[in-house]
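Here we start with a single chain on its own, the form predicted on its own, put down as structure tokens.
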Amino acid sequence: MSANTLSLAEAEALVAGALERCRTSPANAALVARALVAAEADGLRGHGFSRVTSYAAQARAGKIDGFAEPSVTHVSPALARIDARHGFAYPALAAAEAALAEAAPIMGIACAAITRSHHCGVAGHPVERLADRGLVALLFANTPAAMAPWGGRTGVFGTNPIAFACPLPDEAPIVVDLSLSKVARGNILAARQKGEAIPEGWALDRDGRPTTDAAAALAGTMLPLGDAKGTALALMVELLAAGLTGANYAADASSFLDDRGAPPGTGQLLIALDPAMIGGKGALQHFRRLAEQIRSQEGARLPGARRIALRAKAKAEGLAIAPALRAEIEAL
């Protein structure tokens, strides 16, 4: 591999080492590194290496408690309540996955509610891991305010990702992972950094007017996916991920991107269902029939297929990293 290419193991060591130097425990640093490198491998760079410096700054400042260990309370055999304790989201998500993987095959359905959390990264990854265990899984997460209610001007919803994964027999699961804004906020950040305009229809300025100016867009609000329907879905996610879990609503959460202010304290809700208990022994084959109806059409593909191909390439060839970014991470 070239000097600007890292194996997945080398990339995880790079990220984990930087976080450990910035007031994060080795165990937590390893979980965060796994998540960021997995995002990079899947081609989702907005959740990959680019997050390391902001995560590290927040850990140094105490906005993220890098030593926090999530507490798990089993409220019932099918319900776990998890306090992330203002640490990274990834240890809490790992605890949620473990609780659901144990409870769902016994109860048929199980739920984990995470509070006082942080940025959950690629929402599709936790549900994909549960689907790899044979479970159907959903994740709802709220994020700091970025979208106004339809017709309004002030952000009260985050971009609020929704993720879903469904197992298939003898192959990778179907994974749906989407945010409820028309485009990722990272696209607007990138346009501002490059001094470029953004297309009309992405965002509004602080006065609620359409804008193509990236800086004005960041000071304003994102436009939702599906217009009014998108804000209705964002409301649903806000109530599930924050209202139900007792976490901060988007408008009360500080930024995931800087080290200023109190911890964001956002929330996540995960649900897992056992398809064999609900649909019988033939449930996975029944899922496959629909998958085949999609794949049989020329030009069509299942959600998540592109990520799987990129992941395989990254495993074989490693991950490219800009020399300046690598040097920045090594200097932390």
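As the structure is a prediction and not an experimental result, all values here were calculated from the model. A residue's number is simply how far along the shown sequence it sits, counting from 1.
This next part talks about the form predicted in complex with a further copy of the same chain, which is not shown.
A.B. asks: Looking at a further copy of the same chain in the predicted complex, is some heavy atom of each of R23, A59 and A172 within 4.5 Å of it?
C.D. replies: No, none of R23, A59 and A172 comes within 4.5 Å of a further copy of the same chain in the predicted complex.
A.B. asks: Choose from 117-125, 83-91, 255-263, 154-162 the stretch whose residues reach within 4.5 Å of a further copy of the same chain in the predicted complex, heavy atoms counted.
C.D. replies: Contact-bearing stretch, as computed: 154-162.
A.B. asks: Indicate whether P303 is a 4.5 Å heavy atom neighbour of a further copy of the same chain in the predicted complex.
C.D. replies: Flag for P303 set to yes.
A.B. asks: Would L290 show up as a contact with a further copy of the same chain in the predicted complex if we use heavy atoms at 4.5 Å?
C.D. replies: Although a further copy of the same chain is absent here, L290 would touch it in the predicted complex, with heavy atoms inside 4.5 Å.
A.B. asks: With a 4.5 Å heavy atom cut-off, would you call P149 a contact of a further copy of the same chain in the predicted complex?
C.D. replies: So P149 counts as contacting a further copy of the same chain.
A.B. asks: Find out whether any non-hydrogen atom of L204 is located within 4.5 angstroms of a further copy of the same chain in the predicted complex, and reply yes or no.
C.D. replies: It does not: once a further copy of the same chain is placed as it appears in the predicted complex, L204 has no heavy atom within 4.5 Å of it.
A.B. asks: Of these, L218, V136, A95, I198, which has a heavy atom no more than 4.5 Å from a further copy of the same chain in the predicted complex?
C.D. replies: Comparing distances to a further copy of the same chain in the predicted complex, the residue within 4.5 Å is V136.
A.B. asks: With a further copy of the same chain left out of view, which of V72, L189, A101, M107 would have a heavy atom within 4.5 Å of it in the predicted complex?
C.D. replies: Looking at V72, L189, A101, M107 one by one, just M107 meets the 4.5 Å heavy-atom criterion.
A.B. asks: Of 74-92, which residues get within 4.5 Å of a further copy of the same chain in the predicted complex if you count heavy atoms?
C.D. replies: Going through 74-92 in order - heavy atoms within 4.5 Å of a further copy of the same chain in the predicted complex - the hits are V75, S76, P77, A78, L79, R81.
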